[in-house]
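Next up is one chain by itself, shown in structure tokens, the form predicted on its own.
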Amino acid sequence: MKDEKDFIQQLLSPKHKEKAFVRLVDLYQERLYWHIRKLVVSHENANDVLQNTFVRVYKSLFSFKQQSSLHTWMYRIAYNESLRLLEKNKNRNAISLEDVQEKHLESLFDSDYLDGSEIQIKLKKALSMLSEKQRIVFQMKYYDDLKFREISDILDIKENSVKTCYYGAVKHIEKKMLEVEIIR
């Protein structure tokens, strides 16, 4: 974003805060929604997490230390809010990781955003076979086009670990794309 420091000053200014925050939502709502959606899967949960994310951003603006970009900071909040929802649902339902992955696969075929092409289905199946960390890193890099440094900041892990995780996921996906059968 151009002139991010000026924009942050507007967000912190009592006089301009409301207008600047509306602009912030307009700029980031769709990107954050899809980031969240890939983590929590359902549209309803993604909307809830997105709303919670913007509430947290609004309440936390004065504590933003500007050690990372505004974009990275908001992605981290969205990621943490997504994890809160997933943890809450996991504790409520007490389901296994395999059940979550199976549910995720089932939801792929019901999604309005999946066009049903064989390659897309194979990719989604291959993604579902990754560890949670690999899947999240891959999605942030591949779909959200984030830099390794940004992913490192969002997930609070070393940049080299992010790279290792990403390239391991790519290798796994390439292998699985060749062997995965589509079963409906």
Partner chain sequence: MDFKTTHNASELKRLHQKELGMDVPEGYFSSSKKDILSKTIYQSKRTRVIKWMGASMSVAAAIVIFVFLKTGTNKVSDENQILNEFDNDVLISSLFVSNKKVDTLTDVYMLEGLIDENDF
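Since the structure is predicted, the reported quantities are computational estimates derived from the model, not experimental observations. Residue numbers count along the first chain shown, from 1.
In what follows, reference is made to the form predicted together with the partner chain, a form of this protein that is not presented.
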query: Site test, S63, E132 and S161 vs the partner chain in the model of the complex, non-hydrogen atom cutoff 4.5 Å; finding: no
query: Close approach of K171 to the partner chain in the model of the complex, 4.5 Å, heavy atom; finding: no
query: is_contact(D153, the partner chain) in the model of the complex, heavy atom dist at most 4.5 Å; finding: no
query: 4.5 angstroms heavy atom contact with the partner chain in the model of the complex for V22; finding: yes
query: Contact flag, D3 vs the partner chain in the model of the complex, heavy atom cut 4.5 Å; finding: yes
query: Stretch 125-141: residues contacting the partner chain in the model of the complex, 4.5 Å heavy atom cut-off; finding: L127
